[in-house]
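Consider the single chain below, provided in structure tokens and representing the form predicted alone.
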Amino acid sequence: MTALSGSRRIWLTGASSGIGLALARRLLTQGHRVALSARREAPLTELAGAGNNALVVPFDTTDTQAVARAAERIDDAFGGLDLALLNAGTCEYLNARHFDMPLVARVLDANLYGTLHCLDAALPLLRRARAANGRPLLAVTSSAAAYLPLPRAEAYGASKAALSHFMEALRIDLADEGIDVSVIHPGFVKSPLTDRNDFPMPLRISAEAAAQAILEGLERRRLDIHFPRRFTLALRLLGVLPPGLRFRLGRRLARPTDMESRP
């Protein structure tokens, strides 16, 4: 099992389920000091258990004041961060026949702006580690959906594509500060979110396998951590097709238009 080297101070968001839960278990077992964040406190407290290396910091990423208070608590407890692993997010699918702007806003708020609120709060803590002659790492979970437009994924795909673009640009600007940036692009991973999907999910992997791939990528400080590679490489190749071909591909993947029951 791949472990992150050394003893690190880590802030992990989205730690209560799916990939985040699998990551939290591994990082705590490896002895890192981990600030565990999600909206619900109870699962975080259960996850922390009786160990002394977990800090439970529940909040909603879309609440800027709550994010700022969480960062203050982490700073007081850890005195900086070696790794900010911003993993929280959501997924809702859009029915274009019944365009739902509140749905679009919810997804963008959680996946893009919520992540950026946490990033804004984490950067000073990462800079503190850099000032102590460390080389901190900022990692953000995007999605393989950022590589290719997919039917019903207007809001989800746009939020993740925007996040990937933002982080790749930020990587350039943070390089002189000695802060590394990794962007994580998972394919289908078994989780409470994907368990709701009503369509085929090729090469779906377990959350434990996803956590293993992420830790391997973080240890090597890979710029783009994507998995399972057979699936994500195919999406990346399809994403560079001419627009007409991408459109025809999307039409083949789309559900019949008479299926009105989906959100």
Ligand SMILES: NC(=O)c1ccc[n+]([C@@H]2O[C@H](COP(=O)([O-])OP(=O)(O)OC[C@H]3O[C@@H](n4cnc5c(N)ncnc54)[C@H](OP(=O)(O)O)[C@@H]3O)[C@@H](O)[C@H]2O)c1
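Residues carry their position along the shown sequence, with the first being 1. Note that the structure is predicted; figures quoted are calculated from it, not measured.
Absent from the display: the form predicted together with the named molecule. The rest refers to it.
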item	value
Residue among 35, 70, 27, 38 with a heavy atom within 4.5 Å of the named molecule in the model of the complex	38
Heavy atom of residue 90 within 4.5 Å of the named molecule in the model of the complex	yes
Partner contact for residue 80 in the model of the complex: the named molecule, 4.5 angstroms, heavy atom	no
Partner contact for residue 108 in the model of the complex: the named molecule, 4.5 angstroms, heavy atom	no
4.5 angstroms heavy atom contact with the named molecule in the model of the complex for residue 186	yes
Site check 147, 212 and 217: each within 4.5 Å of the named molecule in the model of the complex by heavy atom	no
Stretch in contact in the model of the complex with the named molecule, which is absent here, among 232-240, 46-54, 218-226, 59-67 (heavy atoms within 4.5 Å)	59-67
Residues in 2-18 with any heavy atom within 4.5 Å of the named molecule in the model of the complex	14, 15, 16, 17, 18
